[in-house]
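Take a look at this one chain, the form predicted on its own, written out in structure tokens.
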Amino acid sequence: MRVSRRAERIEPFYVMELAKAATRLATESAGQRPMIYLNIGEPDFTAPPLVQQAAERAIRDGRSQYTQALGLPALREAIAGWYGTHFGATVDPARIVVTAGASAALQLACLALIDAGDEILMPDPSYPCNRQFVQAAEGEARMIPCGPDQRFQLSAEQVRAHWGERTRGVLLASPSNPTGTSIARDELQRIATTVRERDGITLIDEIYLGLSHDAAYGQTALTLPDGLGGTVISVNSFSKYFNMTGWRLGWLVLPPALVPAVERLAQNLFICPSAISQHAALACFEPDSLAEYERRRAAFKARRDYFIPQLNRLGLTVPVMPDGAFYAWADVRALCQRWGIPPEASEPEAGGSWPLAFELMRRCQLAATPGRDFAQAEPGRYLRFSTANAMEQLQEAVARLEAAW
């Protein structure tokens, strides 16, 4: 059966391919020490008690029918209230569209805004699925190399330099996966200004915003001055800060003029997000739940503060300290050299972080994610570790790395 050209263009998600390999190796080495999985960006915390209880009540009470395509009005209001209390942002609930995860949010935004042949500027490195959403909408993701000197983030100067006739806008992430770094607020303002001057779109992935650890960066783009916040399209999710990964619930904050178009798309493509997940998510904003989330955020910061210095000590240098999320983007050239792995090769399988990741699984029973997914400019130079695991697992991972080194 012939597969569409669209499907052919979508690249594999190597994070998931490596996860399968890690599971296979763990099975083959049964009886030895267990595999430590620092490869998947998923909190080890699950939904807190009030959220679980709210889901149980919704099921028991039969509140599982379709909701409005835009989401439960009460949930849209609760999200707007969270922006006010957490970030000092005034967001009209009418601008909020609840979606089936951040993935659906990105798909809806791309389908609403991108035409065939449109070009979207993105930083290299960045989360691989984001560029696939652009390509699925018949657009082209143009990856612009961004090094540690600019926190692995696009600059306004780069946006101006690379803007062409087909450029439609930018797709950013702050904090970023895989680097955990955010865009400085003044730079983000310059980017948004540059895009607005060209009648383009600023689409920003803020799903890790709640897990910011530095007040200088932990601010939503929706509060940018001079009316810029009203032009930004923000993507967020209940997966990371709210610890509801498998519940598949996210949201968009849109300029008012875009809401009708996105609503039409949502009605046809998704009908609505999960009703049970929406009723459960209302409990995320209860005071006890918010207090628990803040305790967990402090735990994520403590893990970062332990793990990053340990990687640096071992020569797996993290060139920019993450200010949010739960990732370490480590330069692995020194370890490749020590273990006789070519640091670079014409084929990703032959050198750099890809073969190193498999060597780590064999030598250390430690799974991490090679840069092949995230970077096109230097795919073999970096390895992503997730610090979303318990402190005890991170300590054991360091001990294994030290022994192997």
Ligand SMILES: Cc1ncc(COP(=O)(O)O)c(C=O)c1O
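Residue positions are given as counts along the sequence shown, with the first one as 1. Keep in mind that this is a model prediction, so the values were computed, not measured.
A second form of this protein, the form predicted together with the named molecule, is not displayed here; the remarks below concern that form.
Query raised in the report: Given that the partner is absent here, does Asp205 sit within 4.5 Å of the named molecule in the predicted complex, heavy atoms only?
Result: Yes.
Report task. Could you confirm whether Gly101 comes within 4.5 Å of the named molecule in the predicted complex, counting heavy atoms only? Result -> So Gly101 counts as contacting the named molecule.
Requested in this report: Examine Ser234 and determine whether its closest non-hydrogen atom to the named molecule in the predicted complex is within 4.5 angstroms.
Outcome: Ser234: no contact with the named molecule in the predicted complex.
Query raised in the report: With the cut-off set at 4.5 Å between non-hydrogen atoms, does Arg333 touch the named molecule in the predicted complex?
Result: Outside the cut-off, so no.
Query raised in the report: 234-242, 156-164, 267-275, 85-93: which one contacts the named molecule in the predicted complex at 4.5 Å, heavy atom to heavy atom?
Result: Result for this chain: 234-242.
Query raised in the report: So which of His279, Arg248, His213, Arg190 gets a non-hydrogen atom within 4.5 Å of the named molecule in the predicted complex?
Result: The option sitting close enough to the partner is Arg248.
**Report entry** Listed residue (Phe285, Tyr293, Tyr127, Phe300) with a non-hydrogen atom within 4.5 angstroms of the named molecule in the predicted complex
**Finding:** Looking at Phe285, Tyr293, Tyr127, Phe300 one by one, just Tyr127 meets the 4.5 Å heavy-atom criterion.
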